[in-house]
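Just the one chain here, the form predicted alone, laid out as structure tokens.
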């Protein structure tokens, strides 16, 4: 087990980072906000963390916090600016934001390293800190999927007018989605930089948008479990597909297309459907009611002496 872990440490770290990046897209989507700005926040967190470590010699924990907060602040500004957009227009605006971050990274001079990037970003990030951070984020996201908060989020996504009539501040919820998305994206970019000790243009490329979007579509878009499933699948799949050689990209794309066609709710949705069918299959049958059986349950029928007294 230890030998397997040591030989696949890079993939394990990449999986944990991919979970955070997928959540940065999934969290606003649960509120009906089709935003892909998490990838731009990922790039911001990557470059901010590199400069904090290289110039300020900051430790891993404060670097993670500052990188996430900077990306969250940018996410808030972006959310205020494009709040009135929805659907494809919102998606296009956030993709333009991602591309803008890439242009800034390319022409950022010594702050970004230009086409070369920045190297030698060494900080005291341990595997325990990385794993604990991801688990903490998953617990916090899980708390938003249960109870009253989950019902409010669902109402904001499905029927914003109804949510507003019930006293829910829809604008605040949606702006919070941009902030959380920015923080998670910035945190993912920071952790990716600290694990690789480098940052470059590949961390702000359009390819990341496709990967993040594919991860939550195939894994499942409305639960953190789908993000985890998708992140594990698409991080480890390329190493598995090495057996098919030059057909690797073709098989990868074929899997994505088939999943999009036959798995509209993702792999997690498929698992939920299968589990529900099994439960219904082994559930005891409902006893048919006799013709002479009253409609009102026996416990609520008044005794005969009480009826006579009336």
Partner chain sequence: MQELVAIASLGSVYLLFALGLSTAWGTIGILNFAHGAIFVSAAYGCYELLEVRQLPVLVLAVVAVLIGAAMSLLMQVLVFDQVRRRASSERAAETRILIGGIGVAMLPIALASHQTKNLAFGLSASGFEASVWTIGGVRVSSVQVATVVCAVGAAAALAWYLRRTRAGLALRSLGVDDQVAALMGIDRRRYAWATMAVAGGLAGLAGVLLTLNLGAISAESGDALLIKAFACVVLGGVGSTLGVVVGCFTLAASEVWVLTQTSGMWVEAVSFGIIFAVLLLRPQGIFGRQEVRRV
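Numbering follows the first chain given and starts at 1. Definition used throughout: the rigid core is the maximal C-alpha set that superposes within 1.5 Å between two forms. Remember, it's a predicted structure, so these values are computed and weren't measured experimentally.
Same protein, other form: the form predicted in complex with its partner chain, not shown, and the subject of what follows.
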Q) Residues in which of 118 to 126, 176 to 184, 153 to 161, 133 to 141 have heavy atoms within 4.5 Å of its partner chain in the model of the complex? A) 153 to 161
Q. Is there a non-hydrogen atom of residue 233 within 4.5 angstroms of a non-hydrogen atom of its partner chain in the model of the complex?
A. no
Q: Using the partner position in the model of the complex, report whether residue 76 sits within 4.5 Å of its partner chain, counting heavy atoms only.
A: no
Q. Applying a 4.5 Å heavy atom distance criterion, does residue 252 contact its partner chain in the model of the complex?
A. yes
(Q) Considering non-hydrogen atoms and a 4.5 Å limit, does its partner chain approach residue 99 in the model of the complex? (A) yes
Q | Heavy atom within 4.5 Å of its partner chain in the model of the complex - qualifying residues of 92 to 110 | A | 92, 93, 95, 96, 97, 99, 100, 103, 104, 106, 107
(Q) Please state whether residue 59 has a C-alpha shift of 2 Å or more between this form and the one not shown, with the rigid core used for the fit. (A) no
Q. Honestly, after the rigid core fit, is residue 259 moving at least 2 Å at Cα between this form and the one not shown?
A. yes
